[in-house]
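Here you get one chain, nothing else, as structure tokens; it is the form predicted on its own.
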């Protein structure tokens, strides 16, 4: 098992290193991606190669700003240092946004820096960059965001903006490699096939019971479900988002190695497992589903009966390792 885990980590490292080494030349960067099977950018798409920390050190940015950006990188890649204060599961920001938040087709984070403030349907109002980061803490980290304007929040925002260096605000062209683009959904999804594939392809890193792998306080591989995973309000509980992440990024270092059907089946199995309650929970799963089903949860299995045993998913008041449901930093805006 140890050798298999090492191989998985090395494969992921090799992929990220290959993309970083291609940074000097856009053609080399695109060739690296297309050789892996990713689509080439279309003529009307914006291609951006995010700068690295090495680029930061060689830049003429003020030394104090460099220090803050490095702090943002450190928080992004080791968010577990905020465990028990802002993070209440075993996730890091980089657990979902691979390659230090730079990887195309793995929801690279720099687009947020140039497309926000912007409207977000999830909370039905215009969000700025800090509020978008706060959403990740609230849902993906099952936690409580750092205070707006705090040192940690500023550092994280600065790191996002550094990665977007050179990109105009509100770019008119669609962004190449943005998000977790999902393959076309098959006609039927199978819990049983997904479970078998998970055991064959995923369990060696993420555990038979979905608990992930931690060494000391360091997350090596995150938990895909359970109390140490994201809650029912996180973006990855949506089937198309999970399928897109899996197809483009998993197994680690082997992107696009699963068929479309396999990616969707694994996503269906993982999304059928329990996790902490959605922070927007009203106290009743059916009522919560009625409120958010037309928008967010129409793409998840929240409030639906699980294929394997008929259990209604999300029908509980479990908040995981935290002692609150919704952090007090989550609030509506009216602009009135």
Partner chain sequence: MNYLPTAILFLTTLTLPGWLQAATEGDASRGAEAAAVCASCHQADGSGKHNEQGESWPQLAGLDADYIAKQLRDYKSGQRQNATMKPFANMLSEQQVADVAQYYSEMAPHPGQGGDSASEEVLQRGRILAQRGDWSEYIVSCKSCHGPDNQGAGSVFPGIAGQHAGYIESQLKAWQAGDRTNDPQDLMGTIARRLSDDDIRAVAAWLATQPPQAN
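Numbering follows the first chain given and starts at 1. Here the structure is a predicted model, which means the values were calculated and not measured.
Note that the form predicted together with the partner chain isn't included here; everything after this is about it.
You can rule out all but one of 176 to 184, 223 to 231, 115 to 123, 244 to 252: in the predicted bound form, only 244 to 252 has residues with a heavy atom within 4.5 Å of the partner chain.
Using a 4.5 angstroms limit between non-hydrogen atoms, residue 53 touches the partner chain in the predicted bound form.
At the 4.5 Å threshold, heavy atoms of residue 107 stay clear of the partner chain in the predicted bound form, well away from it. At least one heavy atom of residue 200 is located within 4.5 Å of the partner chain in the predicted bound form. Put simply, residue 205 is close to the partner chain in the predicted bound form: some heavy atom of it is within 4.5 Å. Of the candidates 65, 36, 46, 286, 36 is the one whose heavy atoms come within 4.5 Å of the partner chain in the predicted bound form; the others do not. Checked against the partner chain in the predicted bound form, the residues 235, 99, 72, 210 give one hit for a heavy atom within 4.5 Å, which is 99.
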